[in-house]
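In structure tokens, one chain follows: the form predicted on its own.
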Amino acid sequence: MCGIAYDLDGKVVVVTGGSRGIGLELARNFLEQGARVVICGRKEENLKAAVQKLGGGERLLAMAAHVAKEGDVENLFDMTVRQFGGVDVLVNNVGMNLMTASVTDTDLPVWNKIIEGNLTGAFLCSRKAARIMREKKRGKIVSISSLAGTKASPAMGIMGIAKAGLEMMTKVLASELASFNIQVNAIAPGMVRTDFSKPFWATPAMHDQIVKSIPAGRIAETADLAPIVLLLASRLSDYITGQTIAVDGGATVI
């Protein structure tokens, strides 16, 4: 637990991709803050394992959903409203990458899959959540972007393009929803130690090369991201909107 009170007690938080990695860490922190949390993922076995790790309880709901499928998204949020009465916070955490040598040599199905996983799903979830939040004239949308959205990176080109789109969507939604007291922001982590990123840091040589590019001298842990997401999900960020905050150990300053 981060040890800071963010006044999230009783808030309804949807964390997409909440069964593993960053999403699981965020769900744990929101629960520790007293929030009611909905996690979704595509695989039932991962969701069951996540529920066990999070301790279950009446404040946690786990649902299978593919966020790039409109019907799944509708069902996810409709069930959230039925179970908990509304949606206060959406965290667009789902992301995926298929390592590609170059954009030029990528086949269309691969392009579509990466764009869907990183951008289309966030659009569908944000659209649905915003429609619910507008009725109460309050809400928070926080998206997990990546430094790849601003810096061309090997094997991450299409994901970077999608994340750049996610950051622009953050600005557009912030502008459109400001009059409804809905704040929309994002964070852009550098490398984070998860199974998702493991192919990049698994060997000592690759790990050392990455660390050399980070002034903080280490790869981020999922716990490094949670306090910033909690801040953006709380009333402490009521005057912050349309921003993407780099959480990168200083990687963007060199």
Ligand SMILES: NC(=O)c1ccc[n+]([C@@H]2O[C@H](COP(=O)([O-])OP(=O)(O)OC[C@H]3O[C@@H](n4cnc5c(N)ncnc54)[C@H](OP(=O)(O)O)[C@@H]3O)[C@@H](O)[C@H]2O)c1
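Note that residue numbering begins at 1 and tracks the sequence as displayed. This is a predicted model, so every value here is computed, not measured.
The same protein also exists as the form predicted together with the ligand; that form is not shown, yet it is the one meant from here on.
A.B. asks: Given the stretches 99 to 107, 131 to 139, 86 to 94, 177 to 185, which is the single one in contact with the ligand in the model of the complex, using a heavy atom cutoff of 4.5 Å?
C.D. replies: Within 4.5 Å of the partner lies stretch 86 to 94.
A.B. asks: If you check in the model of the complex, is residue 38 within 4.5 Å of the ligand, heavy atoms only?
C.D. replies: No, no contact at 4.5 Å.
A.B. asks: Residue-level contact is defined here as any heavy atom of the residue lying within 4.5 Å of the ligand in the model of the complex; does residue 66 satisfy this criterion?
C.D. replies: Taking the distances in the model of the complex, the answer for residue 66 is yes, it comes within 4.5 Å of the ligand.
A.B. asks: Considering non-hydrogen atoms and a 4.5 Å limit, does the ligand approach residue 58 in the model of the complex?
C.D. replies: No, residue 58 sits far enough from the ligand in the model of the complex that none of its heavy atoms falls within 4.5 Å.
A.B. asks: With the partner left out here, check for me: in the model of the complex, does some heavy atom of residue 13 sit within 4.5 Å of the ligand?
C.D. replies: Contact with the ligand, no.
A.B. asks: Between 142 to 156 and the ligand in the model of the complex, list the residues on our side with a heavy atom within 4.5 Å.
C.D. replies: If the 4.5 Å heavy-atom criterion is applied to the ligand in the model of the complex, 142 to 156 yields 144, 145, 146.
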